[in-house]
Structure formats: structure tokens, C-alpha cells
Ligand code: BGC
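Single chain ahead, written as C-alpha cells, the form predicted on its own.
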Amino acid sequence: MKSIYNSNWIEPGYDLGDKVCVFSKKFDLNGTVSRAELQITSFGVYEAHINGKRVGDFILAPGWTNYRKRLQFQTYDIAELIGSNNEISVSVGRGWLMHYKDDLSAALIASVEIYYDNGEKEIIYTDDSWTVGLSKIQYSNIYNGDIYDASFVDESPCFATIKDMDKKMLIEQQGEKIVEVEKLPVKKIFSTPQGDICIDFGQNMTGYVEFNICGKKGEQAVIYHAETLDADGNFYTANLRSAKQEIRFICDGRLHTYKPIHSFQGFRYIKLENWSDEIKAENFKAIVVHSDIKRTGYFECSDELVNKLYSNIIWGQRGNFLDVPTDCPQRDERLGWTGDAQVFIRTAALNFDVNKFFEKWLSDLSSCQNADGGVPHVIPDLQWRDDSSSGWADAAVICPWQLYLTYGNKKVLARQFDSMCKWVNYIKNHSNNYLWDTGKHFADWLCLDENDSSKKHATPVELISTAFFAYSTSLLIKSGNVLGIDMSEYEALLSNIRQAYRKAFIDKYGRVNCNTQTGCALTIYFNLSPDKQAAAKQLNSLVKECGHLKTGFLGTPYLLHALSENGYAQTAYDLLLRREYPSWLYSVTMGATTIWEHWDSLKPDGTMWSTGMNSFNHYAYGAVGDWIFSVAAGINIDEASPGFRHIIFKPATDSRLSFVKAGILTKYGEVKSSWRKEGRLIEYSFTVPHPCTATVYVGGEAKIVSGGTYKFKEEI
């Protein structure tokens, strides 16, 4: 057993509020050290130093989990940091504890294991011999930022108090650590029409600013953070709601280099206030921070707007994969919304290796799941309310299945299987005659089609909910079959759901009776119509009639697939390549550097969609990235041989693009696909890593190939 389990929780013994404390302990060595490690975690977020040197590179450690049941601890090799006489100091701020009740305080637990050359072992535990004092960080809040007083010194540190608290929730690090990924230089320093001095880093991102400052003693310099400017070119923060996103630095008259360690911001622009130093670009760097996920997917085509769209998808994922898959990184939310996670996971798993990232989040989902199988809206759960929404809580089934498909991760199916069953059983128990027509649901969130008379979404909530009931049940059956479990009970359930769905929502011609894009897309993709072609024809007509998409969070991920898989690839391309609102490329033409929450978060005249809910870094609509890879580039996973062990190449070309190329790094090597038009010929190239195989569809024929690179030509 790790020694941290025998250590003690310690705390200041008084209410810190939003101040940051520092726990310290001095210790000497008793010989030559062969090995030394620190095991450590905290409620709140910590940063540890030994002899003034930073321990590890984990930002906002230990990350965010379902604290009451699961708290990760980290193990660091510290042999190179210790000498004869040592001091360990650990700064602890509230971090995500701001979401919880006061019984969870900013407490620390740690152990230092020292192994000597003579075979002896020494363990230093956290206990009441540690001292604790206040940090120079006088205030730290995930949403609001920091107040740092460079001249502050706590003249009266005291001994820590041992906190009687369980250690059952302690688990070894499961997810990816959060790290500083890159530094962005200043792109532009400018004055706004209102006279504010602002800096543009050229990219909406998540992280913080590192800056050099001297200032006058006692002077309080302030940095404000924002995603965008308003229609007049002024600094805009109304969409942050109550989040302040400020860094306040109280100067002592000496030169300092500062960056936050217990908070983060979502921003592209900063505004400087009360800054007496000369404002020079070299004194500011924006540090990009996110989970340490490896980039795996790459895409490029002949349309630069589509390339920028893909770049925005990547930056949206980077900005929101900060230990949990958040909805947005800037306003007073930044939560692990299940709906956003499930609609985007297919794209996410192509862009980056998110296997470990989602395994950790799904473990939290299971631990937060209610006794009746219901799944909270956000993970980790904030215990807002007890109901569960279709299309959101279905993340319990959709996400594990996608990890299996992309990575061949059978273990995650086994570990999550009980949770998956509990969720499907929850829906069954809340349904009437196999129709899920009870409860409160987000439906097709932020869609553009409303019923003119009621102003409600035109796609009935019960259609969407029942469609996801069928879809989750179908994925549960597939998962059980992979695990060798008898799924006959759920197969019968799925048959009954489909029959009930068709009776309630499909007309005698196989069309969806609500006549909406989302209704058709879900019906087609979830295999719920007895005549898929009739529903696809209906969907194609709906798109052609209005010339654009009308789908929201739940319909959008399936819209282009429902079209292209049923003979309407050109219509799907029409939607992808459309530049006017509403479309994916509209935001690109408006200067977006990430994916927006709304199709028109920023309107053509520069005004905002709203102030209350208007994120400019919200990855859900970036789910189109999956279609870009699987249809435009034609790289597909074979369910019968997941993890890209067998690849299906089936690109759909379009006359408006002269080339497309993409690559996905898998555990076997890189899978590549490209096509290029040369006169009346299309030249294809496909790369299959050894020992994989692939089926290539070109010119109406299917060819089976093994590892290697293959080229084909097709006459247009």
C-alpha cells in the first residue's frame, strides 16, 4: 500500500475563504539517497516546491474528480531536488472546491519516502508538525482570478491541524495531467475607442498570461480577460456573466515575473488597467494550458475556410479539455456537461488521444450515477437536481462505446458496463409503452427550427428522447456482445422501442411525421425508419428547401452522415461549404478562432446573440470534424475490428474541392488518406500501417489490402 494512505489530512485550522495557504516542513537527510518520491494530493489545487524548485509540471493538480468518492494523488520522483537540509512547501488554493459545501476545505495530505543506500527507509508524513501560513496570493478563484500582493509576508504562521477525514477516496492518478503546452506572443497592442489599452494574442484559448511587472510600491495593476471585442471595437466581457477573469497584482516596486498557479482564464484579449510600466510586447506571453493529450489527427483540403474551421475545432478541444470535457472555459460555468461530451467524442478521439482522459471522466460519471441509474447533467456532479436528460445522460453509453471503437478499448466497456445497463434501465423505468415521454429534457438544444404557434422546438421532445433510448440500447447490446454477455433481454427491448417509435413518429411512407431536420437525422442514423431512403429523401428536401441547416446540439452530429450515407453527399457538402449564416463557415468568415456556442454568437453587424449565454469557445458544433475525416477523407473504423485494426476507406469527393488529405495516428501507426483532382481524373492514396488491413472503395469496387501505401485513379 502507498504510504500516503498512512499519512494525515492537515488543514490551517481556520477559515481561509478564497485565500491561498502554504504548508511547510523542514527535514534533513540521514545518509546517501538512492531513491526518493513524494506522494501528494489536496482538496483544492496545489503546487509543491522542494528547496524552492517546482515539483513536477502538473498544473492545477490534482485535477477535478467526484471528490467525495474519488480524489487522485500524484507520485513524483524528487531525488534530484533534495539535499542535506530540505524544506518542502505546498501552496493550496480552493480551485474547484468553490462548487462544494464548506465541509470540504482546502486540506493537504502527503508523504515523502526516502530510500538510503544502506537499505534504510524514512517516511515523512503530513501531521501537526507542519506549519501553515498565508501566501502572497491573497485571493484565488477559478472564475474570478487572483489577487497577488508582492510585498505580503505572513509574520505569524502556525502549526497545521490534523483533520479527521476518510482516505478511502484516494486513488492513484488515473487521468492525464494538465500542463502548459505553448506560449503565444503578443500579436497586437492597441487602444480601444473607449481608451482602454488592450493586447490581442490572436487566438481564443484557455490558460493565463505570464507578465513582467515592476510598478510603484502599493500600486494595484489589473489584467482583465475577454474572448472578443464588441461592434465598436471595445473590450467585451458581458458574456462572462458573474465571472471576473481578473489578475490583480499589488506591486512592491521591484521587478517580478508572474503567472497564476491556481486559476485559469478563457480569452484572446486582455485589458490593462493602472499599469505604470511601459507596455511592451516582450513583457507578456499567453500560456496555453490543457490536459496532456497527444495530437493524433490532421486534416487539410483546398478550401482555406474549411482548413480554418478544422483549426478552430482543434483549438476548441484544446480549450475545453482541461481535466474534464468542459462546455466553455471563460464564463461562470466551465462544467463537464454530458451532452457536449457525447456529441463531440467521435471527433475528439480522432484529433487527440483521449482514451485515458475519458476513462477518468467516465469513472467519475459512474461514481456520480444515482441509485436509480439516472445520470447528472454535469460530471463531476454538482447535485443541482435529480432528473436526467436524453442526449446528455446518454454519454454513459455513447462515450464508452466510442473509446472501444477508436482505441479497441475493451476494458472500458467491461468497467462501464454496469453503468451503461443502469442508464438504459433508468430510461425503461421512466418510459410508457417504450416511449420516453416523461421528465425534463434539453431536447435539440439551440436548434433553429421552432413551431410558429408554440415557439417550442419543432422536433418533439419525446421523439428525441425515444430515439436516444433506442440508440443507447443498441450500443449497449453491441457492448454486451463484445464482452460475451447474453443480451437477449435488451434485444427484445430494442425491438419494442423501434416498433413504438415507428408507430408514434413515422408515417406509412417511412417519413418522419414532425418533418424536421433533426427528426429525420436521428431517425436515419439510429436506424429507426422501416424505409431509410424515404426518410433520407425527406431530409434532403428539407435542407434544399431552406438551403441551410436548422439543427441544434443533438441533431447536428448526425445531419451530414444521414445525408451522405444515403446518397446525398453533395447536399452534405453544400452544408459544410456554405459561408452564410447559419453554417460552420459563417463563424470563420467572422474571424472565429474557435467554435462558437451559437451559429450566430456574433451577428454580421457585430452585435451579440445574447449576453447571458454566448460562449465563443464551445466545441459541440465542432462534431462535424468526424464527418470531415470519415466522409471527406474517407477514413472509417470497422466495428468488427476496432481500433483501426481494419480500416474502411470510402471517401466522397466534391467538385468544389481539388484535394483532401488526412491522417490519424493509431497504436499501429499512421492511417492516411488523400485524393486530388487532376483534369478528369481523381488520384487516391491510402496508407495502411502494418499489421492492419483495409477495405478500399473506389470506382464502385471494394478491394482488400494489407499494410502499405496504395494509389488508385478514377475517371470523373
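For every residue, the number given is its place in the sequence shown, counted from 1. Small disclaimer: the values here were computed from a predicted structure and weren't measured.
Below, we refer to the form predicted together with the named molecule, which is not included among the displayed structures.
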(request) Name the stretch: of 358-366, 437-445, 519-527, 574-582, exactly one has residues whose heavy atoms fall within 4.5 Å of the named molecule in the predicted complex. (result) 437-445
(message) in the predicted complex, is there a heavy atom of the named molecule that lies within 4.5 Å of any heavy atom of residue 246, even though the partner is absent here?
(response) no
(message) My question is simply whether residue 179 lines the interface with the named molecule in the predicted complex - judged by any non-hydrogen atom within 4.5 Å.
(response) no
(request) Verify the contact flag for residue 553: yes if a non-hydrogen atom of it lies within 4.5 Å of a non-hydrogen atom of the named molecule in the predicted complex, no if not. (result) yes
(message) If we define contact as a non-hydrogen atom of the residue within 4.5 angstroms of the partner, is residue 327 a contact of the named molecule in the predicted complex?
(response) yes
(request) Identify, from the list 597, 227, 394, 323, the residue with a heavy atom within 4.5 Å of the named molecule in the predicted complex. (result) 597
(request) Name the residue from 638, 333, 210, 219 that puts a heavy atom within 4.5 Å of the named molecule in the predicted complex. (result) 333
(message) Need the contact residues for 657-689: heavy atom within 4.5 Å of the named molecule in the predicted complex, sequence order, or none if there are none.
(response) none
